[in-house]
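Only one chain is included here, represented as structure tokens and corresponding to the form predicted on its own.
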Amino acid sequence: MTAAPADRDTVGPSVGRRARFEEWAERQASLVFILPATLVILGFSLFPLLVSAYLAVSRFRLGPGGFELSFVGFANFRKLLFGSEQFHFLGRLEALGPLSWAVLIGVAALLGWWLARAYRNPKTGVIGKVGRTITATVALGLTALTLTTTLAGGAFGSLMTTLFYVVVGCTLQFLIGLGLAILCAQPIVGRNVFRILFFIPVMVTPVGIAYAFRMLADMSRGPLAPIWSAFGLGELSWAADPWAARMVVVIGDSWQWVPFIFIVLLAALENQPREQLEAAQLDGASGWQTFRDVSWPAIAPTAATVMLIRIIEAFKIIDLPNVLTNGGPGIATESMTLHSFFAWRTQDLGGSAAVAYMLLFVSVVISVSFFHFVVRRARREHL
């Protein structure tokens, strides 16, 4: 009888420790189950990132029985910006005229005013000020590059060609996708058939689309050659004209990506509250007024998000310019990704990695700026 209290004292701490261990294990269960997948993803993501970072500051040379990597610092980046690869990367730069200088000074003044407002705002933290400074610097640099290559009669490099695909291509795709979404959201006959037809290009591989457009754009032997000849376009060599070749790439890219924007915006339009639309119609609002004041504010966050996804993907375009034009004529249609691929194919691994990191820098700055100033603002206004 006297041993019972001792047994309870012995068992009690053991049960308490077991309960605490089970509670701790339950809290750590999610981490334990997620950790293997996280390590695998980080391994496949961080390892190439770190290796390419080392290659970007190195020179790769083949040698007897292997290869040699020598550290060269930022020489690969200097070659892109100021050296032998400047024409390939930045394009042919010409002197600015009075009009170009006026535009550049105006843009610099606007960016300076915007930065001054951000610095004076007490809500803007240190990270926000640094981010805005980087955004303003990149915006001013790209403006100067645009003026020296376009208005001054210069030529595009792979950086400006990539930005052309991003700005012109994404704008065109958004307008067409939005128009198709508005059309298929109406109570028209056979709209489900149109939805399926419009979505088919998403299921085709980019290389397949590139070869299909290469065949369609062949004005001498392609299936549309009789139509080209009937309109007097049979002798037109679009592949020899830089702007025509770029537009063919944009058209092929748009045919591939418009369905993605269309299906997302269509879902957003069909999920908006019907009571607001009916109230606008009862108030006598026109179709444009209903879209501007009711539908657009409702789908703006979704539209901004889908465009952010599309912008990120547009920076990586490589299949269409590679198959359609092989980057030509000259380097007129060569994107930064294709530029990096061509450098890698010639065993210039350091130059290839440097181009890739320049692409990473530009795309991150533009995407983060777009997210901060467009996506987040659209979401705040919607709420």
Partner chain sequence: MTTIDRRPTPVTSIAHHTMPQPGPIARLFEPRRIGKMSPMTAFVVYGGLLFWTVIVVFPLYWLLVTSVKLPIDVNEGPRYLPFIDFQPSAHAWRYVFIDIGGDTFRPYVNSLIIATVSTVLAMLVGSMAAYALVRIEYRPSLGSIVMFLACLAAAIVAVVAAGVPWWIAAVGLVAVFLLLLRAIGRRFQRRLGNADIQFWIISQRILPPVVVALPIYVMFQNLGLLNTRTAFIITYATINLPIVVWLMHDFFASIPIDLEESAQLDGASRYRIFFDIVLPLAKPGIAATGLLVLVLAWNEYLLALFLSGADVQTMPLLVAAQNATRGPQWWYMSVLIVIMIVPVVTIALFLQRLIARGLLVGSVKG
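What you see is a predicted model; the values in this text were computed from it and never measured. Rigid core (definition): largest C-alpha set, two forms, superposition within 1.5 Å. Numbering follows the first chain given and starts at 1.
Not pictured, yet referred to below: the form predicted in complex with the partner chain.
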Exercise for the section: Report yes if any heavy atom of Thr148 sits within 4.5 Å of a heavy atom of the partner chain in the predicted complex; otherwise report no. Expected result: no
Practice task
Report whether the minimum heavy atom distance between Val374 and the partner chain in the predicted complex is within 4.5 Å.
Solution key: no
Handout entry: Residue contact check: Tyr211 to the partner chain in the predicted complex, 4.5 Å heavy atom
Key = yes
Exercise for the section: Give a yes or no for Arg195: in the predicted complex, does one of its heavy atoms lie within 4.5 Å of a heavy atom belonging to the partner chain? Expected result: yes
Handout entry: Three-residue site Pro223, Val306 and Ile309 fully in contact with the partner chain in the predicted complex at 4.5 Å by heavy atom
Key = yes
Exercise for the section: Counting non-hydrogen atoms within 4.5 angstroms of the partner chain in the predicted complex, say which of Val107, Leu178, Met247, Cys184 makes the cut. Expected result: Cys184
Fill in the blank from the handout: As a check of understanding, the residue in Val130, Ala116, Ala102, Val207 with any heavy atom within 4.5 Å of the partner chain in the predicted complex should be identified as Val207
Exercise for the section: Could you tell me which of 162-170, 288-296, 257-265, 138-146 sits within 4.5 Å of the partner chain in the predicted complex, going by non-hydrogen atoms? Expected result: 257-265
Completion exercise
Looking in the predicted complex, the residues of 188-204 with a heavy atom no more than 4.5 Å from the partner chain, listed in order, are Ile188, Val189, Arg191, Asn192, Phe194, Arg195, Ile196, Leu197, Phe198, Phe199, Ile200, Pro201, Val202, Met203, Val204
Exercise for the section: Align on the rigid core first; then say whether the Cα of Asn326 has moved by at least 2 Å between this form and the one not shown. Expected result: no
Problem - Core-aligned C-alpha movement of Phe44 between this form and the one not shown, 2 Å or more - result: yes
